[in-house]
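A lone chain, given as structure tokens: the form predicted alone.
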Amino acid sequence: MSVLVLVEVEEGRTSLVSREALTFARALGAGDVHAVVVGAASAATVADCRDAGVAVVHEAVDPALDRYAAAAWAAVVEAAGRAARADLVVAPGTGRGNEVLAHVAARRGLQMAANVVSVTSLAPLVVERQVVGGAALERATVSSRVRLLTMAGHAVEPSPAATPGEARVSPLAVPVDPRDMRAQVVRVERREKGDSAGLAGARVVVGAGRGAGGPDGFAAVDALAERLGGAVGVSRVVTSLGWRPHHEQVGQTGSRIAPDLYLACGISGSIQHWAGCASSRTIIAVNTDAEAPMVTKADYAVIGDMHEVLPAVLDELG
């Protein structure tokens, strides 16, 4: 039995969630772990895979694949799965990971479980996965010949293998079908400095909602996020009112986050927002309403005005 992991690369390095997925796959003890990379596997990515105990890194290099296209990436994963004789395919539970494996499942008539947090049995494959936007866990059995799953972000901590893998690079020749390129990324716009880049992968998120009071009420939020090396997240109402850009939105219709710390300031905590932040390891709520849903669900709460609490925290940090 072998496991194939779809590895996403960001600026030449293996993404955090992909390193988590490699650790997750290795911990299953299901046999050799293979990785597949769309594009050339950089030396840094190969090193990351070696540290994670990967036996073979399958790379598909083709100029036509330079632009992300889910169907074309699915074809690459299928080819790598055949080369690895994979019984199980794992991808990070990102937008791309979920989309690519959904294409593989539809094309091959396979079963897929999304947002998995743990595997309780391999034969049959029984998983626990996040449902209802992360508000509940579901136990499900995946019984197709080849099983597909995506791992919920931060379900495990990335860690090196006790024995490094060979991480032998094996080229994949995958003809690109023009039909698979009908939907593709045509342009990537870089965010300006100061934007909340990397929200989904941030280890610390400072969030704010209607309690900010307006677009001018985010000075302390921005300052604290920068001081903690984190990102800014906001509730839906904030983006709806035009106070902050949509890419900062946390929730069912925004980003789903799983930081080590989520500091939610002036956010009531609707079910839609909770769906986006429930996987946070520690949640601290700052709110004037002691009965707000975010306060009652948080690990810790400060009952007070965010415009008084955050400046005091910044002063304390120095």
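Treat the numbers as computed from the prediction; the structure is a model and nothing was measured. The term rigid core refers to the most C-alpha atoms you can superpose between the two forms while keeping them within 1.5 Å. Note that residue numbering begins at 1 and tracks the sequence as displayed.
This next part talks about the form predicted together with a small molecule, which is not shown.
- Shown here without its partner, the chain carries 211, 254 and 305, all of which come within 4.5 Å of the small molecule in the predicted complex through at least one heavy atom.
- The contact with the small molecule in the predicted complex, taken as any heavy atom within 4.5 Å, belongs to 292 out of 41, 258, 54, 292.
- Here the chain stands alone, but in the predicted complex its contact with the small molecule, taken as any heavy atom within 4.5 Å, falls in 270-278 among 46-54, 62-70, 22-30, 270-278.
- Put simply, residue 250 is close to the small molecule in the predicted complex: some heavy atom of it is within 4.5 Å.
- Using a 4.5 Å cutoff between non-hydrogen atoms, residue 237 counts as a contact of the small molecule in the predicted complex.
- Using a 4.5 Å cutoff between non-hydrogen atoms, residue 288 counts as a contact of the small molecule in the predicted complex.
- After superposing the rigid core, the C-alpha of residue 248 moves by 2 Å or more between the shown form and the other one.
- After superposition on the rigid core, the Cα atom of residue 158 is displaced by less than 2 Å between the shown form and the other one.
- Once the rigid core is overlaid between the shown form and the other one, residue 91 does not reach a Cα shift of 2 Å, moving by less than that.
- A decrease of at least 3 Å in the separation of the C-alpha atoms of residue 117 and residue 271 is found in the predicted complex, compared with the displayed form.
- In comparison with the shown form, the Cα-Cα distance of residue 156 and residue 262 increases by at least 3 angstroms in the predicted complex.
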